[in-house]
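A lone chain, given as structure tokens: the form predicted on its own.
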Amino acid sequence: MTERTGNKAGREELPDSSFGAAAMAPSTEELPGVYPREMGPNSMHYLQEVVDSGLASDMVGRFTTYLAAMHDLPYCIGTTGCTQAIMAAMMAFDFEHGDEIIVSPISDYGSIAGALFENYIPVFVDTLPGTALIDPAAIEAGITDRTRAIIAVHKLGLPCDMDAIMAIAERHNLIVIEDVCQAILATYKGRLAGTMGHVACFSFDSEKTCGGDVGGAVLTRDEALHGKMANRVIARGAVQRPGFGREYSHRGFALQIPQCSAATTLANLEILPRQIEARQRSAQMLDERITQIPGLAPYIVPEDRTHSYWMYGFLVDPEQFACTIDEFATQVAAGGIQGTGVARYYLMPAGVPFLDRMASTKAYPYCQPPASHEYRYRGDSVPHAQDFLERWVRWFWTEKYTDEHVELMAAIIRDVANRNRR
């Protein structure tokens, strides 16, 4: 059970590591929280269809068809989450144990779980300075003869530099997986996130931009790869042998999205475009106000991209304030912006000590062979990513914010900055 601590105003505060509903419940009457979520008007209709059909509806097929059409891609498989979507892709690649997957260092465990369960080795390379996005030059420098794929995480809601990443992948014959779980309907040079790589993985868990209870999806334009993923996820690796029945030719796992989750996600996809527009409008309005506060800087959105704002944040110059970054975030939360905190836990190389133990003791697959060299996992191996998270304050964004809410948030942040200025 999540621990809560009181503050002077008598409200309950949650620790920075909270997530899901616990991190996003409303804390004041002035500012709304992410919950309760707006549900698409067809939610109950679609759920009723599932019930009335006696579970014989094709709700999963309707959901996957809708999501694929939204992204102009031919193939989609619904999964139980983004972790499982990436796992589906990893199971289908059929790489060798000990092969390497380059991964964004500011991410979540779900980005690497599938690779680990297939005994592939995650290799974290640094981000671009001042951002949470993987640096294409660092990708190039991190490639070895064992590198097989790149997981580009569109962190917070902003896409990576996909042209540069795809060019690198083409030169080295690598597969690119777009982790779009935080960036649905964000764009890069007019293209939707998830439409540029070889595989795209999405999350529809309740707290995500398009929350549909629990769920995810994996999209691709590669027919052969889609067939492999369907075999691993839906058939659990089985094929039909005449006169025998199911024969498991590959390792698989049942990861398909349930009908009811498909129903609520489908309904929420239908209202998502206007929600994204509302998120962008209010976030850009707050960016303008943050820019006017000395010592703070909004997260820069390049002109060739749009941000879908699953999460909002700003950078703090520690030299200009007498308080720590943690104290700054705590004071903003106490002022009324629920869930405000730091997010050092997103620094994956520092957040997976079990991998560092495995690598240091040469446990499988870090023994040689199948590993080609020694690996270690430490935060200081990615200094730009580490520096970003040491200066970044964030909270979960919602389409419910109005102009008045933005002005209130700006006033809270400005007050904290002024009270702590050196």
Ligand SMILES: Cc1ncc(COP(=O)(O)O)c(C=O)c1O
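Sequential numbering from 1, following the sequence displayed. Since we're looking at a predicted model, the values are computed, not measured.
Keep in mind that the form predicted in complex with this ligand is not shown, yet the notes after this line are about it.
> In the model of the complex, which of the listed residues (K208, R279, K228, R305) lies with a heavy atom within 4.5 Å of this ligand?
The residue from K208, R279, K228, R305 that makes the contact is K208.
> Identify which of G341, G110, P122, G252 has a heavy atom within 4.5 Å of this ligand in the model of the complex; exactly one of them does.
Residue within 4.5 Å of the partner: G110.
> Just one of 219 to 227, 164 to 172, 322 to 330, 200 to 208 has residues with a heavy atom within 4.5 Å of this ligand in the model of the complex, so point it out.
Stretch with heavy atoms near the partner: 200 to 208.
> Under a 4.5 Å heavy atom criterion, is Q84 part of the interface with this ligand in the model of the complex?
Result yes; Q84 sits at the interface with this ligand in the model of the complex.
> Is the gap between G215 and this ligand in the model of the complex 4.5 Å or less for some heavy atom pair?
Yes, G215 is a contact residue.
> Examine Q182 and determine whether its closest non-hydrogen atom to this ligand in the model of the complex is within 4.5 angstroms.
Judged by the heavy-atom cut-off of 4.5 Å, Q182 is in contact with this ligand in the model of the complex.
> Since only the chain is shown here, I'm wondering whether V153 would be in contact with this ligand in the model of the complex (any heavy atom pair within 4.5 Å).
Judged by the heavy-atom cut-off of 4.5 Å, V153 is in contact with this ligand in the model of the complex.
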